[in-house]
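Next up: a single chain in structure tokens, the form predicted on its own.
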């Protein structure tokens, strides 16, 4: 691997290798000098708490130097083009560039226009992909349900605008899950299932969650909607919120995931988010390990 831009088309063996490495890092730690002398820069054009912080922690725990690019104080605010910014940063001999952008395909565009062998990692682009979130979600599931073949998974929420849903579906499909149910009101379902391999769609959450071993809840992407499209919070919760009544329809061993940030009382009830089936904080912890594994995969073997 030279970059990590999407999980689409990534084979099962590569995903399993990354998950195995992340699991070892979480259980045993990693050599503190594995990436000594490497420099990792985070370039975020959208706000982030979990993703940016965990990438910085991951790089530091592997011994790399880290830099956070402050857009508000950079020359982009003076009109410098993104391409000039990229080449300026490359001239400082970066090894990895972690990019979040609101436009689909921007990390891939940067990778394609780089003049050096800098590794580009997609930390979320528009509605397109969030590959490390997809990896940490399947790692979280695998820790309790290692056999993916007979797993029933529900992804519920604003799927149309969710890069997480796309990456989750691609990772689950690659690992052999045959029953992936996408549930949302019609306006939030994808227009096409091309980016959602092996998935079916449902509009009735009670029907979708029945017997599921994994439920992945999604935030409504208000920033990607017109104001008129945003649903009433109470009405949305009544039809698509995960509460204790709906949770009882799932398998007794159900795992509840949410990529965050959580809107309590909208897509998920507080007693579910904080309950025994919740894996939300495990996802956060696994995020650091997965991002360590990705950085090690891309940078540890370079001369």
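All figures in this text were calculated on a predicted structure; none of them were measured in a lab. Positions refer to the first chain, counted from 1.
Not pictured, yet referred to below: the form predicted in complex with a small molecule.
Though the partner is left out of this view, residue 100 does reach within 4.5 Å of the small molecule in the predicted bound form, counting heavy atoms only.
In the predicted bound form, residue 133 approaches the small molecule with a heavy atom inside 4.5 Å. Among residues of the shown chain, residue 47 is one whose heavy atoms approach the small molecule to within 4.5 Å in the predicted bound form.
Within this chain, residue 260 lines the site of the small molecule in the predicted bound form, having a heavy atom no more than 4.5 Å away.
Figure note: of the listed segments 140-148, 181-189, 80-88, 125-133, the one touching the small molecule in the predicted bound form, with heavy atoms no more than 4.5 Å away, is 125-133.
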